[in-house]
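Quick setup: one chain, the form predicted alone, written in structure tokens, and binding and motion questions come after.
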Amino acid sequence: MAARRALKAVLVDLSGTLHVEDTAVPGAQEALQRQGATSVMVRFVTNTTKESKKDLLERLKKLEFDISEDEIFTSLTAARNLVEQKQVRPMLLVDDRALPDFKGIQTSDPNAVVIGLAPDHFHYQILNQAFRLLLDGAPLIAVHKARYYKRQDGLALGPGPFVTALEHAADTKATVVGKPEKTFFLEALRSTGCEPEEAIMIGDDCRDDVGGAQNVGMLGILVKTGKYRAADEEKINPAPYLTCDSFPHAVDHILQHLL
């Protein structure tokens, strides 16, 4: 691993780190303002597939987060980029609210399957249709494979179990485009012009956020909000650079010790 350099960029997870559905993590808005007042660039990276980037930005603005659209990099964007690169016609197993991010993509007579989090579509008939496409050789593109995520009413299944079921049934392997894939973090950093050794990731998922970031050479801070569960920090090797109570505490550490 390359030597650490001066910190130039911070990647921040959204759901579970800055907010849980329509509730902001206490103090997160003010902490983001403090971080934004430094010379360090901030980008927001998310595996959220339940809504388009436009809807996500509206949600964040209602919660009074000062964030612009060009600062957000989503796994839906990464999935669309791969669909266009492969020139395929996907069956889109994503939430209806995420469909605007695939506007203009040809989906008739599908020859590929793109799967994200789509609770209203995860039933036998639809999954079986996807299974049959995969048997005929269609590639499987997973927006991400998170096992679960945090809702206000508790933890809920993510797309990972459904992706794994299709992989197992069709004896195939999905191409995963979201966190914790190395290409996702590198693409998110591209607009900053920074190398991984100049960046840090803050998130609530020990594997997808922190583990993925550290695997490309970034530092990772795990926050005990969102989907965090006791002893999550012990599930990855190397362990997180830091585990702290919440996003404001993570910002405090960066301002006091890394700048």
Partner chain sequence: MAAWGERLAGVRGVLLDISGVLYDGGEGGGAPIAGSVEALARLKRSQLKVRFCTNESQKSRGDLVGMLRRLGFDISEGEVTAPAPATCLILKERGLRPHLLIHDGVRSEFDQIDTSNPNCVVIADAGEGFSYQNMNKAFQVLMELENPVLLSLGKGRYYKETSGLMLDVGPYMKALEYACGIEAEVVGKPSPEFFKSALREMGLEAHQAIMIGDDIMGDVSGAQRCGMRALQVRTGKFRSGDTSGQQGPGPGKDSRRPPGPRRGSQPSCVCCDVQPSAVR
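So that the term is clear: the rigid core is the largest set of C-alpha atoms that superpose within 1.5 Å between two forms. In this text, all values refer to a predicted model and were calculated from it rather than measured experimentally. Numbering follows the first chain given and starts at 1.
This protein has a second form, the form predicted together with the partner chain, left out of what is shown; the following refers to that one.
Undergrad: Find the only residue in T183, T164, N81, T175 having a heavy atom within 4.5 Å of the partner chain in the predicted bound form.
TA: In short, T164.
Undergrad: Among M91, V88, A138, L127, which has any heavy atom within 4.5 Å of the partner chain in the predicted bound form?
TA: Of the candidates M91, V88, A138, L127, L127 is the one lying within 4.5 Å of the partner chain in the predicted bound form.
Undergrad: Of these, 118-126, 185-193, 99-107, 73-81, which stretch puts a heavy atom within 4.5 angstroms of the partner chain in the predicted bound form?
TA: Residues of 118-126 come within 4.5 Å of the partner.
Undergrad: Spell out, yes or no, whether the shortest heavy atom distance between A170 and the partner chain in the predicted bound form is within 4.5 Å.
TA: Within the cut-off, so yes.
Undergrad: Determine the residues of 70-108 with a heavy atom within 4.5 Å of the partner chain in the predicted bound form and present them in sequence order; the list may be empty.
TA: Heavy-atom contacts within 4.5 Å come from no residue here.
Undergrad: With the core lined up, does the C-alpha of L117 move 2 Å or more between this form and the one not shown?
TA: Result for L117: yes, a 2 Å-plus shift.
Undergrad: For V176, does the CA position differ by 2 Å or more between this form and the one not shown when the superposition is done on the rigid core?
TA: It does not reach a 2 Å shift.
Undergrad: Return yes or no for L93: a CA shift of at least 2 Å between this form and the one not shown, with the rigid core superposed?
TA: L93 C-alpha, core-superposed: shift of 2 Å or more.
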